[in-house]
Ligand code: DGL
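One chain is shown next in structure tokens, namely the form predicted alone.
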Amino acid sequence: MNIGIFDSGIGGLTLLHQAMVLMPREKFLFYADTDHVPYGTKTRDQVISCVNEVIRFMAEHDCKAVVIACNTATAVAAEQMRSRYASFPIIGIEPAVKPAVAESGGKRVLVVATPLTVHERKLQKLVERVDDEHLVDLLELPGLVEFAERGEFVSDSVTTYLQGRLMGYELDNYRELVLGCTHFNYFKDTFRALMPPQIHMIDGSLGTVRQLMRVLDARQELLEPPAETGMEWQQIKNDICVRYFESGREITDAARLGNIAQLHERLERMRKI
């Protein structure tokens, strides 16, 4: 059986990559809903409709679990989908606000995400629940999704965009940067260059994959998990079983698959920052 992982675009590869490292014996089905990217600027009803179509596809392709590798889709649609598709677990990702606040040492926490995630009540309730000292600030970065989907990860335009969005924030007062969109992980090197050295970057991918492993283990459906730290990418990358889809169309073209392999190589470098 497969583990289904999906996002509106290539951002979900971040979570797939982490899952492949920790669970290299599993079979994965990755679905990028490129016909409807980005989710973060759509209405709630539009996102719910898109997510329903994707999970229906997963249900028809022998998935034992589905991971929503999109903070926006999780915030808007996860609960409805769990009620609608009860035969398999649906695990959602969410911004890693709780661990960031816990590790902040009383300094400020900056959460960057898409506009819909920032304004969705789910994130606001999460912040209210864990941010007793009112340390958290939320910042929308819609342009980064567009840069990522174009494959533009390191450029003067990316740097200028982030500098403009961060203008006005006294970054020396911050300790944690929460990457609240899976697309944003591709830009860790640029974030690192712009941030003071004391700022620690954190995202929800690793925690989500560990939750997936716990759920599958409880259902006795987890295949021989490796050590918690995972395995070396260069040792496993050619042996992992993954099928890639774009809005229901399987990607079989060698050039396209080669591009995906290059994205995984970048994600491996970003994973170590």
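When you see a residue number, it is the position in the sequence shown, counting from 1. Just so you know, these numbers come straight off a predicted model, no measurement behind them.
What comes next is about the form predicted together with the named molecule, which does not appear here.
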Contact flag, Y39 vs the named molecule in the predicted complex, heavy atom cut 4.5 Å: yes
Is V145 close enough to touch the named molecule in the predicted complex, meaning at least one heavy atom pair within 4.5 Å? yes
So which stretch, 174 to 182, 152 to 160, 102 to 110, 198 to 206, is the one near the named molecule in the predicted complex (non-hydrogen atoms, 4.5 Å)? 174 to 182
Just to make sure I understand: among 90 to 105, which residues lie within 4.5 Å of the named molecule in the predicted complex, judging by heavy atoms? none
